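This document starts with one chain, in the form predicted alone, laid out as structure tokens.
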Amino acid sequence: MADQDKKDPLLEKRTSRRSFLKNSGLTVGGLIVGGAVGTLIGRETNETTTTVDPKKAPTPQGDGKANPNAALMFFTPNQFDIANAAVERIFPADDNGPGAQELLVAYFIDHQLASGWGMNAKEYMSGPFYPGEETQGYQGSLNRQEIFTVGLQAIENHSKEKYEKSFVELSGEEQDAVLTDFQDGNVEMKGVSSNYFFNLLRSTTIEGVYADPLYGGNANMAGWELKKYPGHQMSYFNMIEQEEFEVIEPKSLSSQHNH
């Protein structure tokens, strides 16, 4: 664990994780600015980010049964380990709640990549390909599956070039430094900029934290618990006349089949 008593004065100015959670609806997809990625939403830690054993992964609905979502559909085991370590640095666990690993965010990303979204199935992907304006977004030929394949390999390669170790073997501080290089666009990648890949990884990480557990992430609806979001309620009819605020236990889409 990092020494919490030794505080960098620059870190004092960074947005806390609590503030981030309150405002994340406005910042999803935006560009992170600042220093180490792992501290941008609150917690400073130099722990090495390790991966969660899929067999021991929590079930999204919290019913104690085996979790069918903890199964890979696109990633190789090595790609999953890199992604799982990276998302935890972007959304780390702290005193406010679980991090991306416990929330199974890497599985969410894996399942999205295995879908039509990962193949850009509903988007025009034919040439010609020319560099676009900043407001036009990505204009290249790679689909999201290819971008993640190239990007995760680039994370691994950059880790070995920078520290002579695999990304999953690095300390938290070293992992942050690698991801910050991607955030700043300082890593050469074929077909896409490292900055674009980092922003795509970050946005899908946040989506995995808050999406319905049906899609693989937000295990036990713990991401919703962080924001006191009630999830998918069938009705609020019995509360219409209530004057006092009531905390509602969240429900996921999968719970609706019981009604």
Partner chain sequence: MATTLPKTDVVLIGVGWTGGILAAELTKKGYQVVGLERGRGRSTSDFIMVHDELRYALRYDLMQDLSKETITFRNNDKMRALPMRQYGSFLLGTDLGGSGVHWNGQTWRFLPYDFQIRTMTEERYGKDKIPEDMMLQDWGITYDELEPYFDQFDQMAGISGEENPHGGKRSNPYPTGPMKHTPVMTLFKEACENLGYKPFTQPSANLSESYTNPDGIARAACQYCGFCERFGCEYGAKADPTVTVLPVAESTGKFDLRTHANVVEILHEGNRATGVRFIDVQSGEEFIQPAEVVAVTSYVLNNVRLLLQSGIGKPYDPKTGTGVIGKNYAYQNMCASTTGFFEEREFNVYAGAGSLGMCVDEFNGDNFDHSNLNFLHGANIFLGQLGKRPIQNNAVKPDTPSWGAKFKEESIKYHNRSISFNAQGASMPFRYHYLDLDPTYKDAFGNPLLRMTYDFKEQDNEMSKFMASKTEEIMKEMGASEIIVMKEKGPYNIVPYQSTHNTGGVIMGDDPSTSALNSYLQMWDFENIFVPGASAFPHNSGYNPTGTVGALSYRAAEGIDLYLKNGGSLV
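Quick caveat, the model's predicted, so the values are computed rather than measured. Numbering follows the first chain given and starts at 1.
Same protein, other form: the form predicted in complex with its partner chain, not shown, and the subject of what follows.
Heavy atom of M221 within 4.5 Å of its partner chain in the predicted bound form:
The answer is no: M221 has no heavy atom within 4.5 Å of its partner chain.
With the partner left out here, check for me: in the predicted bound form, does some heavy atom of A71 sit within 4.5 Å of its partner chain?
Judged by the heavy-atom cut-off of 4.5 Å, A71 is well away from its partner chain in the predicted bound form.
Considering only heavy atoms, tell me if W117 and its partner chain come within 4.5 Å of each other in the predicted bound form.
The answer is yes: W117 has a heavy atom within 4.5 Å of its partner chain.
Against its partner chain in the predicted bound form, would Y163 count as a contact residue? Criterion: heavy atoms within 4.5 Å.
Answer no; every heavy atom of Y163 is more than 4.5 Å from its partner chain in the predicted bound form.
The chain here is shown without its partner chain. Which stretch in 75 to 83, 108 to 116, 152 to 160, 185 to 193 comes within 4.5 angstroms of it in the predicted bound form, by heavy atom distance?
Contact criterion met by 108 to 116 only.
Within 199 to 232, the residues that have a heavy atom no more than 4.5 Å from its partner chain in the predicted bound form:
R202, I206, E207, Y210, A211, L214, Y215, W224, L226, K227, K228, Y229, P230, G231, H232, in sequence order.
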